[in-house]
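Take a look at this single chain in structure tokens; it is the form predicted alone.
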Amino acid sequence: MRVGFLQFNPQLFHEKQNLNKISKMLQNCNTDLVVLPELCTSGYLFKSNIEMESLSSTADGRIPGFFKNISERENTAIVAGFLEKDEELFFNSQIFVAPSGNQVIYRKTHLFFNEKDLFSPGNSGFKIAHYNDAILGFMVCFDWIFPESARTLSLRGAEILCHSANLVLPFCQKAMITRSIENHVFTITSNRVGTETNGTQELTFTGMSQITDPSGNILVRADKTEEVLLVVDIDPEVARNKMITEKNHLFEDRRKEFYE
């Protein structure tokens, strides 16, 4: 598979501008799968649900429709973060769409900092999807710090962890190397760049989006500030072999009776 990430700087409150940039940067992308950042259509640093209302979309609304159109146009699967509204609840969600029209919505399980004041905790559970003879698993940003996120997805068969992020802490990129090793999977972390300001609040995002292989090697990584689409060829079948040595199986050797 030819997989990639799109690292860019979404503008808070400027949905049309963000969608136009995504459309332009993915034109002729020549990928089988591309991962985009968390909340990439709306920006991140909201102060109230009132600010979020007009930028939100239902699971069958305009934002999923936009990504379905791009997926069909480029003949590539897309994984992207967006602001979902379901009745009166807001979710920090991630959408997977395939050129066939298949769609999966994952709602972020572990909310970070002030997200707890704005979003409802994700209630979808961890999700996987079968695509092009590979199994994809879905994570959003702060899910990375909980090993259970990647482990749950891997135990369900995920070979490629698709990780949409708006990272501000400096640890995640290193931690995702460990997530690759401890589960023997590929990871694609698509982070955003730039500094976002809303009133007195300000956040600077760390960039350094990356793709790692099941041995923890960094196959490709962006820098801290560039807006870029980077791609690499991988073989998902490599992630199916969970033998660490000829006598040790990564999952079968777990002794769950001693785990609390």
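Start at 1 and count along the sequence shown; that's the residue number. Just so we're clear, the structure is a prediction, and the values are computed from it rather than from any experiment.
Quick note: we don't show the form predicted in complex with another copy of the chain, though the next part is all about it.
J.: Only one of L89, L155, V104, I135 gets a heavy atom within 4.5 Å of another copy of the chain in the predicted complex. Which one?
T.: Looking at the other structure, the residue within range turns out to be L155.
J.: Can you check whether R151 is within 4.5 Å of another copy of the chain in the predicted complex, heavy atom basis?
T.: Judged by the heavy-atom cut-off of 4.5 Å, R151 is in contact with another copy of the chain in the predicted complex.
J.: Is the gap between N75 and another copy of the chain in the predicted complex 4.5 Å or less for some heavy atom pair?
T.: Close contact is absent here: in the predicted complex, N75 is far from another copy of the chain, nothing within 4.5 Å, heavy atoms only.
J.: Taking 4.5 angstroms as the cut-off for heavy atoms, does V168 touch another copy of the chain in the predicted complex?
T.: No, V168 is distant from the partner.
J.: Decide whether N248 counts as a contact residue for another copy of the chain in the predicted complex under a heavy atom distance cut-off of 4.5 Å.
T.: So N248 counts as contacting another copy of the chain.
J.: Choose one stretch from 160-168, 120-128, 76-84, 96-104: the one whose residues place a heavy atom within 4.5 angstroms of another copy of the chain in the predicted complex.
T.: Contact-bearing stretch, as computed: 120-128.
J.: Under the 4.5 Å heavy atom criterion, name the residues of 230-260 that approach another copy of the chain in the predicted complex, in sequence order.
T.: Read in sequence order, the residues that approach another copy of the chain (within 4.5 Å, in the predicted complex) are I244, T245, E246, K247, N248, L250, D253, R254, R255, F258, Y259, E260.
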